[in-house]
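For reference, the chain that follows is the form predicted alone, supplied as structure tokens.
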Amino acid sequence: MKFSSPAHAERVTSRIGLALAVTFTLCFVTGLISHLIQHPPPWFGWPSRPVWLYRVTQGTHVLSGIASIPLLLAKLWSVYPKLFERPVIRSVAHALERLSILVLSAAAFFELVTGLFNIAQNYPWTFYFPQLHYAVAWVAIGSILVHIAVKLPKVRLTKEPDPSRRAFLRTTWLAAGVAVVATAGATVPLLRNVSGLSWRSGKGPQGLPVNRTAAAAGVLDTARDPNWRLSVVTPKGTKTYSLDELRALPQSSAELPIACVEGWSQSAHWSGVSLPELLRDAESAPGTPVRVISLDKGIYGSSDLPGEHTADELTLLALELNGEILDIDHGFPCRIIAPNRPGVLQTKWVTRLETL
């Protein structure tokens, strides 16, 4: 069976494959960074400055994944005739090539489809998304490396495609570009007015999106309880604060972005007590790692702040957002907002701080 379409030419397939390798590698590296921040091994450290760094890396993660979708579809369209070639296996290299395509296709589809569902916060499955998404990412990047190793000699020998093939490539690049621009407004403020498919940014109470509401967390009553107290536990004992006592401490303000793992990000003006100030008031030293515990008993009901963040004056126990008392969906009575951290670790409805 012979296919003569320009889309199925070896040169076209090679160029699309290289582009897909670039976008998928970007997606993998930035996703790995996000995973390490959320589940840090002892050797890993993540700085508190610049404050926008995680916003950029996670935005790149999501947008490179979106760019990979039309590239993957074009790649599969260009190679599917090879499935009908005979003999099925010609050599060891040919067998590796076919296997790498099969594994790459399955892993890439899983990553991109589940990633899109995660962006929409829709989880029609029973497995824990972060763990499996992370594991399959290694399978995908491994199959890409094998595929490139097998195909590299042919890639080096390819010449400039003819006009009909260039037209297919231009269409592919255009589709990837349109997909990125249409969604980039979720994380790139300058594109919000032209990104028709951007999600979440600018929507929500006090002009900031909300991923998990107080109702969903089951904290509507406990967060509003007049007897609520913040406990700060240090080696010297436990000190408690009412909301009024927190407001009586020296207040700090900071313009910080909140950047979510789903790829959206938005800057906001936060005010409250700087964590170094609070630690000093509780007779503990800034720079000490702190465990933050929430009224929310869900999977992200606690987080650990490393010493670099607890020593940074921009790390706040926020009491206000954009000049107003925190909305309950944004973490009233208080929440953590730290520079250069994933939104999922910016714990809301804080009730306890423990030095580690």
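Everything numeric in this text was worked out from a predicted model, so none of it was measured. Residues carry their position along the shown sequence, with the first being 1.
Keep in mind the form predicted together with a small molecule is missing from the figure; the text below concerns it.
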| property | result |
| --- | --- |
| Selected contact from Gly185, Pro286, Pro209, Pro257, since only one has a non-hydrogen atom within 4.5 angstroms of the small molecule in the model of the complex | Pro209 |
| Contact segment among 63-71, 324-332, 43-51, 307-315, judged by heavy atoms lying within 4.5 Å of the small molecule in the model of the complex | 324-332 |
| Contact at Trp264, Tyr300 and Lys348 by the small molecule in the model of the complex, all three, heavy atom at most 4.5 Å | yes |
| is_contact(Gly17, the small molecule) in the model of the complex, heavy atom dist at most 4.5 Å | no |
| Interface membership of Val344, the small molecule in the model of the complex, 4.5 Å heavy atom rule | yes |
| Any non-hydrogen atom of Ser294 within 4.5 angstroms of the small molecule in the model of the complex | yes |
